[in-house]
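In the structure tokens that follow, the same protein chain appears in two forms, which are kept apart as structure 1 and structure 2.
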Structure 1
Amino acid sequence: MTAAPADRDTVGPSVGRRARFEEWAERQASLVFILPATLVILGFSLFPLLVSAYLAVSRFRLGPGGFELSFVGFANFRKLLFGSEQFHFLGRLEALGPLSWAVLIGVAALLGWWLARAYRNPKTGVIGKVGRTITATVALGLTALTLTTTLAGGAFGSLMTTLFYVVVGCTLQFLIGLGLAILCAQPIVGRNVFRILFFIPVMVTPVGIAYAFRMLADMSRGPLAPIWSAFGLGELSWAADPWAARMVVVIGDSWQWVPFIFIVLLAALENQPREQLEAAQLDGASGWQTFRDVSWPAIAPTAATVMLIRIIEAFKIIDLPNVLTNGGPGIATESMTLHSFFAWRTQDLGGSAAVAYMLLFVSVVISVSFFHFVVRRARREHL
């Protein structure tokens, strides 16, 4: 009888420790189950990132029985910006005229005013000020590059060609996708058939689309050659004209990506509250007024998000310019990704990695700026 209290004292701490261990294990269960997948993803993501970072500051040379990597610092980046690869990367730069200088000074003044407002705002933290400074610097640099290559009669490099695909291509795709979404959201006959037809290009591989457009754009032997000849376009060599070749790439890219924007915006339009639309119609609002004041504010966050996804993907375009034009004529249609691929194919691994990191820098700055100033603002206004 006297041993019972001792047994309870012995068992009690053991049960308490077991309960605490089970509670701790339950809290750590999610981490334990997620950790293997996280390590695998980080391994496949961080390892190439770190290796390419080392290659970007190195020179790769083949040698007897292997290869040699020598550290060269930022020489690969200097070659892109100021050296032998400047024409390939930045394009042919010409002197600015009075009009170009006026535009550049105006843009610099606007960016300076915007930065001054951000610095004076007490809500803007240190990270926000640094981010805005980087955004303003990149915006001013790209403006100067645009003026020296376009208005001054210069030529595009792979950086400006990539930005052309991003700005012109994404704008065109958004307008067409939005128009198709508005059309298929109406109570028209056979709209489900149109939805399926419009979505088919998403299921085709980019290389397949590139070869299909290469065949369609062949004005001498392609299936549309009789139509080209009937309109007097049979002798037109679009592949020899830089702007025509770029537009063919944009058209092929748009045919591939418009369905993605269309299906997302269509879902957003069909999920908006019907009571607001009916109230606008009862108030006598026109179709444009209903879209501007009711539908657009409702789908703006979704539209901004889908465009952010599309912008990120547009920076990586490589299949269409590679198959359609092989980057030509000259380097007129060569994107930064294709530029990096061509450098890698010639065993210039350091130059290839440097181009890739320049692409990473530009795309991150533009995407983060777009997210901060467009996506987040659209979401705040919607709420």
Structure 2
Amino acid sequence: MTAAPADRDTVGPSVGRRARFEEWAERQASLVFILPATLVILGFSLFPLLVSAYLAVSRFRLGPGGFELSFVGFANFRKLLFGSEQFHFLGRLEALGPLSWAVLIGVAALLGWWLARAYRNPKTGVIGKVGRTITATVALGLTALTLTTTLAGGAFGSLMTTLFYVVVGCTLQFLIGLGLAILCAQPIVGRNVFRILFFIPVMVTPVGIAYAFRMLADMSRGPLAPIWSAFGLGELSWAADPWAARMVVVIGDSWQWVPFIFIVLLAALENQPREQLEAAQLDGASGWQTFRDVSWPAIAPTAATVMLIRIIEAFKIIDLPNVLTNGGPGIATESMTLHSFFAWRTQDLGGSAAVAYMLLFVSVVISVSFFHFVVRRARREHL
């Protein structure tokens, strides 16, 4: 330590104690900084995870003066995957046709090639191998599920609906967000006004957005009603069509989250190295070439990270489908969180926890895979 505290040390014993305390505190600083966050997060993740795991393998019953939990093994999961709740969770499964088989085999071959390459690479460690195997297995399973519930004529369950929201929603939000960011990055007047204006939707409570979109999407009393009836669609209803209803959910979700992606990507665009941009323009490169060769590499790491955040959050979607359609028509818009929530609401705590655990599994595999194979790569390649 430097001289100042040492000088004070000589003044008196009380100050000495204080100095010793300060010295001790300084030694512990590295722990003091990180421990509160670690402990709090640990407490809030480990305890709920254990309790939920316990609930997922039990059956909840009200008993005299309270409740009782009885152990039922994997019955709750069996019900979701193979039993009476299969249609609800996985969807209505149909036998695959020749086209679906061809697609499935193609995807399997692709994944196999990717895995084999990773296994042959001496740099891949044990964890890397296990991780890639899990990613590939889940990817194959989800492909099969997608094929049987779409091409083969089946119907989505809450798992596929959630993935639909994540994949379609996040893609849409990314494209619009990026487009707006590019527009706003042009030398325009009033950039700050647009920036603030476009940011507002993030701040509206999702429940409120859901209700607002229910008003807007009403085809006979909503503001767009004249347009619908002009096209002769006034007597149709999006709420009765599964795909239209899912799209309305995605549109509401996008309205809220495009701004988040927009503002981050705009910041990234503004931050890209000016010299390269100007050099490219002087070389007479077209706008598209400049974007592809200069801007995109510069913002790719940011884009990958912001999409990771968005994907993680997108898995938790509940407010919009709940308010817009209560999960209908049929079960067409029911996300996994909503599925779990409905089960909880009727005191089926075991079933609720089982769905929640399946959601945890799927979102962990996909988020971690995205992190490893997209975010890390983007950062490594471009930094």
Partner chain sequence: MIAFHGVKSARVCLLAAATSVLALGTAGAQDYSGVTVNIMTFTGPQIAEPLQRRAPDFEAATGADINVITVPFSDLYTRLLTDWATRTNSVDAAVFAPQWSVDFITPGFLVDLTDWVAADDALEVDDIAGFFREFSQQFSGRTYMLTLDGDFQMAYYRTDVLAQLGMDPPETWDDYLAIAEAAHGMDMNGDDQPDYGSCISKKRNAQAYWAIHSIAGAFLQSQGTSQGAFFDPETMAPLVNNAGFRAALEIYVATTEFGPPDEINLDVGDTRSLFTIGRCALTIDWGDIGTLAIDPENSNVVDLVGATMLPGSTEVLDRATGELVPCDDATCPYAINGVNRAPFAAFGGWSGGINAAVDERTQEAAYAFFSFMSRPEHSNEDVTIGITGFNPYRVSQFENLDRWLAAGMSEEAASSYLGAIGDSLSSPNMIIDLRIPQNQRYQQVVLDTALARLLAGEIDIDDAMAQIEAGWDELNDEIGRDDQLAAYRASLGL
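In this text, rigid core is short for the largest set of C-alphas that superpose within 1.5 Å between two forms. Residue numbering: sequential along structure 1, first residue numbered 1. Quick caveat, the model's predicted, so the values are computed rather than measured.
Engineer: Which of these two, 1 or 2, is the form predicted in complex with its partner chain?
Structural biologist: If we ask which form is the one predicted in complex with its partner chain, the answer is structure 2.
Engineer: Do you see a C-alpha shift of 2 Å or more at Tyr54 between structure 1 and structure 2, with the core held fixed?
Structural biologist: The answer is no; the displacement is under 2 Å.
Engineer: Taking the rigid core as the superposition reference, indicate whether the CA of Phe164 shifts 2 angstroms or more between structure 1 and structure 2.
Structural biologist: No, Phe164 moves less than 2 Å.
Engineer: Quick one: once the rigid core is lined up, does Ile227 have its C-alpha move by 2 Å or more between structure 1 and structure 2?
Structural biologist: Yes, the C-alpha moves 2 Å or more.
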